[in-house]
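Shown below, as C-alpha coordinates, is a lone chain in the form predicted on its own; questions about how it binds or moves come after it.
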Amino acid sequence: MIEKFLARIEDNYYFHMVAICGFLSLLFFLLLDKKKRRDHYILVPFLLVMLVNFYEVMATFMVVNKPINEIFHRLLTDEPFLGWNAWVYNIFYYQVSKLGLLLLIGINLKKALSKKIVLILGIVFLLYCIYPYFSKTYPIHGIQQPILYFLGNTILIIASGLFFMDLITEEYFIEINPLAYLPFWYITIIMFHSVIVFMADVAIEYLTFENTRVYYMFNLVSRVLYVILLSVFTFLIFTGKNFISRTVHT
(Lines give C-alpha, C1' and ligand atoms only; values in the text may rest on other atoms or scores of the structure.)
Protein backbone atom coordinates (compact mmCIF):
# COMPACT_ATOMS: atom_id res chain seq x y z
CA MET A 1 0.00 0.00 0.00
CA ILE A 2 2.77 2.44 0.94
CA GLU A 3 4.68 1.53 -2.22
CA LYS A 4 1.61 2.25 -4.36
CA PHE A 5 1.10 5.57 -2.58
CA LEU A 6 4.71 6.62 -3.11
CA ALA A 7 4.53 5.56 -6.75
CA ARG A 8 1.48 7.81 -7.24
CA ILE A 9 3.25 10.89 -5.88
CA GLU A 10 6.74 10.16 -7.21
CA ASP A 11 6.44 12.41 -10.28
CA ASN A 12 3.73 14.69 -8.87
CA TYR A 13 5.72 17.88 -8.37
CA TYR A 14 2.62 19.82 -7.34
CA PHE A 15 2.16 17.36 -4.46
CA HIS A 16 5.82 17.80 -3.49
CA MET A 17 5.55 21.59 -3.38
CA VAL A 18 2.34 21.41 -1.34
CA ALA A 19 4.02 19.03 1.09
CA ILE A 20 7.04 21.32 1.47
CA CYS A 21 4.78 24.29 2.23
CA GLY A 22 2.87 22.14 4.70
CA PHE A 23 5.98 20.98 6.54
CA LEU A 24 7.49 24.48 6.73
CA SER A 25 4.19 26.07 7.77
CA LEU A 26 3.77 23.56 10.59
CA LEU A 27 7.35 24.13 11.74
CA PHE A 28 7.06 27.93 11.65
CA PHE A 29 3.66 27.86 13.33
CA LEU A 30 4.97 25.77 16.23
CA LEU A 31 7.84 28.24 16.67
CA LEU A 32 5.43 31.17 17.09
CA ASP A 33 4.39 32.28 20.55
CA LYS A 34 0.90 31.35 21.74
CA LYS A 35 -0.51 34.83 21.18
CA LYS A 36 0.46 34.83 17.50
CA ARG A 37 -0.85 31.30 17.01
CA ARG A 38 -4.29 32.53 18.10
CA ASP A 39 -4.14 35.53 15.76
CA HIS A 40 -6.71 34.84 13.03
CA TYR A 41 -4.52 36.60 10.44
CA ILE A 42 -2.00 33.78 10.98
CA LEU A 43 -4.22 30.92 12.14
CA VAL A 44 -6.55 30.94 9.11
CA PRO A 45 -3.70 30.81 6.52
CA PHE A 46 -2.06 28.04 8.55
CA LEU A 47 -5.26 25.99 8.64
CA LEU A 48 -5.69 26.48 4.90
CA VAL A 49 -2.19 25.14 4.20
CA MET A 50 -2.89 22.14 6.43
CA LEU A 51 -6.24 21.59 4.70
CA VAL A 52 -4.63 21.47 1.25
CA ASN A 53 -2.06 18.95 2.48
CA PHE A 54 -4.81 16.88 4.07
CA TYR A 55 -7.01 16.56 1.00
CA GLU A 56 -4.10 16.00 -1.39
CA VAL A 57 -2.85 13.12 0.76
CA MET A 58 -6.36 11.79 1.24
CA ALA A 59 -7.20 11.99 -2.48
CA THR A 60 -4.09 9.99 -3.38
CA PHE A 61 -4.73 7.50 -0.60
CA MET A 62 -8.29 6.94 -1.85
CA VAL A 63 -6.93 6.03 -5.29
CA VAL A 64 -4.56 3.36 -3.96
CA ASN A 65 -6.89 2.05 -1.25
CA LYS A 66 -10.10 1.14 -3.04
CA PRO A 67 -11.76 -0.66 -0.09
CA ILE A 68 -11.51 2.42 2.16
CA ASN A 69 -12.63 4.62 -0.73
CA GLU A 70 -15.65 2.40 -1.25
CA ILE A 71 -16.61 2.67 2.43
CA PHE A 72 -16.73 6.46 2.17
CA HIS A 73 -18.55 6.16 -1.16
CA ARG A 74 -21.26 4.02 0.48
CA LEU A 75 -21.71 6.65 3.18
CA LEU A 76 -22.36 9.28 0.51
CA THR A 77 -24.47 7.39 -2.00
CA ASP A 78 -26.11 4.09 -2.96
CA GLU A 79 -24.85 4.33 -6.55
CA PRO A 80 -22.27 1.81 -7.88
CA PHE A 81 -18.69 2.41 -6.79
CA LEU A 82 -16.44 3.35 -9.74
CA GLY A 83 -13.21 3.98 -7.83
CA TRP A 84 -13.25 7.77 -8.18
CA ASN A 85 -11.82 10.14 -5.57
CA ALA A 86 -13.76 13.15 -6.86
CA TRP A 87 -15.73 13.39 -3.62
CA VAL A 88 -12.53 14.30 -1.73
CA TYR A 89 -11.94 17.37 -3.90
CA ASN A 90 -15.64 18.24 -4.09
CA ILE A 91 -15.88 18.38 -0.31
CA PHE A 92 -12.51 19.66 0.84
CA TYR A 93 -11.36 21.78 -2.11
CA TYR A 94 -14.54 23.06 -3.73
CA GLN A 95 -16.46 23.51 -0.47
CA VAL A 96 -14.32 23.74 2.67
CA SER A 97 -11.30 25.52 1.19
CA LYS A 98 -13.47 28.02 -0.71
CA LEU A 99 -15.25 28.92 2.53
CA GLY A 100 -11.85 29.18 4.26
CA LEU A 101 -10.52 31.54 1.60
CA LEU A 102 -13.71 33.60 1.78
CA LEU A 103 -13.25 33.84 5.55
CA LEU A 104 -9.65 34.93 5.06
CA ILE A 105 -10.67 37.71 2.68
CA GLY A 106 -13.49 38.72 5.02
CA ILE A 107 -11.24 39.23 8.04
CA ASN A 108 -9.06 41.56 5.96
CA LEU A 109 -11.95 43.85 5.06
CA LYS A 110 -12.40 47.12 6.94
CA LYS A 111 -15.71 48.42 5.61
CA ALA A 112 -18.76 47.11 7.49
CA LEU A 113 -20.84 46.84 4.31
CA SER A 114 -18.15 44.77 2.62
CA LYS A 115 -18.05 42.41 5.60
CA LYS A 116 -21.85 41.99 5.48
CA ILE A 117 -21.74 41.20 1.76
CA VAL A 118 -19.06 38.57 2.33
CA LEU A 119 -21.10 37.09 5.17
CA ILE A 120 -24.16 36.85 2.91
CA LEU A 121 -22.05 35.26 0.14
CA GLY A 122 -20.73 32.73 2.65
CA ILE A 123 -24.23 31.82 3.89
CA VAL A 124 -25.58 31.43 0.33
CA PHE A 125 -22.62 29.25 -0.67
CA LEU A 126 -22.86 27.18 2.52
CA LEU A 127 -26.54 26.53 1.90
CA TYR A 128 -25.81 25.38 -1.63
CA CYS A 129 -23.01 23.13 -0.37
CA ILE A 130 -25.67 21.01 1.33
CA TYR A 131 -27.47 20.41 -1.98
CA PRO A 132 -24.99 17.96 -3.64
CA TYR A 133 -25.33 15.54 -0.72
CA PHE A 134 -28.97 14.97 -1.69
CA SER A 135 -28.87 15.74 -5.41
CA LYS A 136 -29.28 13.08 -8.08
CA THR A 137 -28.28 15.51 -10.83
CA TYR A 138 -25.01 16.69 -9.29
CA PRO A 139 -24.16 14.21 -6.49
CA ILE A 140 -21.22 15.04 -4.23
CA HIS A 141 -19.26 12.03 -5.52
CA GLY A 142 -19.72 13.04 -9.17
CA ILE A 143 -16.84 14.25 -11.34
CA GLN A 144 -18.78 17.31 -12.50
CA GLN A 145 -20.21 19.97 -10.18
CA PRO A 146 -20.70 22.99 -12.51
CA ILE A 147 -22.89 25.02 -10.14
CA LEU A 148 -20.62 24.37 -7.16
CA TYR A 149 -17.55 25.33 -9.21
CA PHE A 150 -19.27 28.47 -10.50
CA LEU A 151 -20.45 29.64 -7.08
CA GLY A 152 -17.15 28.87 -5.33
CA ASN A 153 -15.10 30.90 -7.78
CA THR A 154 -17.67 33.68 -8.08
CA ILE A 155 -17.86 34.40 -4.35
CA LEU A 156 -14.06 34.65 -4.16
CA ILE A 157 -13.90 36.99 -7.16
CA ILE A 158 -16.57 39.24 -5.64
CA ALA A 159 -14.94 39.19 -2.19
CA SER A 160 -11.55 40.01 -3.73
CA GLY A 161 -13.13 42.92 -5.58
CA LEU A 162 -14.55 44.22 -2.28
CA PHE A 163 -11.06 44.05 -0.76
CA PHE A 164 -9.59 46.14 -3.58
CA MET A 165 -12.42 48.66 -3.21
CA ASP A 166 -11.50 48.94 0.45
CA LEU A 167 -7.86 49.26 -0.55
CA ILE A 168 -8.49 52.49 -2.46
CA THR A 169 -11.14 54.01 -0.16
CA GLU A 170 -10.35 53.09 3.44
CA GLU A 171 -7.99 55.30 5.41
CA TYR A 172 -6.18 52.31 6.92
CA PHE A 173 -5.03 51.09 3.50
CA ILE A 174 -4.21 54.56 2.21
CA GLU A 175 -1.66 54.96 5.00
CA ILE A 176 0.23 51.72 4.22
CA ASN A 177 2.35 50.42 1.36
CA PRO A 178 0.27 47.67 -0.33
CA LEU A 179 3.40 46.05 -1.77
CA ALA A 180 4.63 45.38 1.77
CA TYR A 181 1.22 44.09 2.89
CA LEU A 182 0.97 40.29 2.58
CA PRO A 183 -2.87 40.14 2.41
CA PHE A 184 -2.63 42.31 -0.73
CA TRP A 185 -0.49 39.64 -2.35
CA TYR A 186 -2.44 36.58 -1.31
CA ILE A 187 -5.83 38.11 -2.11
CA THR A 188 -4.48 39.15 -5.52
CA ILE A 189 -3.39 35.54 -6.10
CA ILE A 190 -6.76 34.22 -4.87
CA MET A 191 -8.53 36.51 -7.33
CA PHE A 192 -6.35 35.56 -10.32
CA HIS A 193 -6.60 31.87 -9.47
CA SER A 194 -10.38 32.09 -9.17
CA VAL A 195 -10.65 33.91 -12.52
CA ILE A 196 -8.43 31.33 -14.26
CA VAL A 197 -10.40 28.40 -12.84
CA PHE A 198 -13.70 30.18 -13.58
CA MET A 199 -12.77 30.59 -17.26
CA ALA A 200 -11.60 26.99 -17.50
CA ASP A 201 -14.81 25.68 -15.92
CA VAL A 202 -17.02 27.75 -18.23
CA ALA A 203 -15.30 26.25 -21.28
CA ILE A 204 -14.62 22.81 -19.78
CA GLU A 205 -16.49 20.79 -22.42
CA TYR A 206 -14.82 22.58 -25.34
CA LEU A 207 -11.36 22.42 -23.75
CA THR A 208 -11.48 18.74 -22.76
CA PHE A 209 -12.77 17.54 -26.14
CA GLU A 210 -11.53 20.11 -28.65
CA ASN A 211 -8.45 21.82 -27.21
CA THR A 212 -6.73 19.71 -24.58
CA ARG A 213 -3.49 21.72 -24.82
CA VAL A 214 -5.26 24.85 -23.59
CA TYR A 215 -6.99 22.78 -20.90
CA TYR A 216 -3.64 21.52 -19.59
CA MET A 217 -2.27 25.07 -19.73
CA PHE A 218 -5.15 26.33 -17.56
CA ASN A 219 -4.55 23.42 -15.18
CA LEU A 220 -0.82 24.18 -14.97
CA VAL A 221 -1.34 27.90 -14.36
CA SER A 222 -3.94 27.10 -11.70
CA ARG A 223 -1.53 24.81 -9.87
CA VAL A 224 1.37 27.26 -10.10
CA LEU A 225 -0.80 30.04 -8.66
CA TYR A 226 -1.94 27.78 -5.84
CA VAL A 227 1.63 26.85 -4.94
CA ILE A 228 2.52 30.56 -4.91
CA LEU A 229 -0.49 31.20 -2.67
CA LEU A 230 0.62 28.51 -0.22
CA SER A 231 4.16 29.93 -0.33
CA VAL A 232 2.86 33.37 0.63
CA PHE A 233 0.91 31.80 3.51
CA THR A 234 4.07 29.97 4.60
CA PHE A 235 6.07 33.21 4.51
CA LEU A 236 3.37 34.99 6.53
CA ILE A 237 3.53 32.26 9.18
CA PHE A 238 7.32 32.52 9.18
CA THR A 239 7.27 36.29 9.75
CA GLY A 240 4.33 36.15 12.15
CA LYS A 241 2.86 39.37 10.77
CA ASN A 242 0.99 40.81 7.81
CA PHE A 243 3.77 43.14 6.73
CA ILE A 244 7.03 42.37 4.96
CA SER A 245 8.67 45.49 6.32
CA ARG A 246 9.71 45.93 9.94
CA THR A 247 7.20 48.71 10.43
CA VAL A 248 4.74 47.79 13.13
CA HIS A 249 1.05 47.87 12.13
CA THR A 250 -2.13 46.58 13.70
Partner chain sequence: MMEEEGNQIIFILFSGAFLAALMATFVVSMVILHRQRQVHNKQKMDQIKAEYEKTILNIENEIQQDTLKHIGRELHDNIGQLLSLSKLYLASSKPEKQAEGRQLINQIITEVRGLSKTLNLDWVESISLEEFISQQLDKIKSTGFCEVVFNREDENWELDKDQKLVLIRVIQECLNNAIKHASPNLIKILMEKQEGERAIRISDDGIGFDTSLSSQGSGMTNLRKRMETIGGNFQITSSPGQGTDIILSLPI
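Rigid core: the largest C-alpha set superposing within 1.5 Å between the two forms. Positions refer to the first chain, counted from 1. All of these numbers come straight from a predicted model, not from anything done at the bench.
Below, we turn to the form predicted in complex with its partner chain, even though it does not appear here.
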Q. Thinking of 173, 188 and 218 as one candidate spot, does its partner chain come within 4.5 Å of a heavy atom in every one of them in the predicted bound form?
A. yes
(Q) Although the partner isn't part of this model, could you tell me whether residue 34 comes within 4.5 Å of its partner chain in the predicted bound form, counting any heavy atom of the residue? (A) no
**Q.** Contact flag, residue 184 vs its partner chain in the predicted bound form, heavy atom cut 4.5 Å
**A.** yes
(Q) Taking its partner chain as it sits in the predicted bound form, is residue 59 in contact with it (heavy atom to heavy atom, 4.5 Å or less)? (A) no
Q | 4.5 Å heavy atom contact, residue 86 and its partner chain in the predicted bound form | A | no
Q. Though its partner chain is not shown, can you say which of 81, 125, 149, 164 has a heavy atom within 4.5 Å of it in the predicted bound form?
A. 164
**Q.** Position in contact with its partner chain when the complex is considered in the predicted bound form, options 50, 68, 214, 30, heavy atoms within 4.5 Å
**A.** 214
Q: Would you point out which of 59-67, 204-212, 22-30, 36-44 contains residues with a non-hydrogen atom within 4.5 Å of its partner chain in the predicted bound form?
A: 204-212
Q.
Aligning on the core only, does the CA of residue 217 end up 2 angstroms or more away between the shown form and the other one?
A. yes
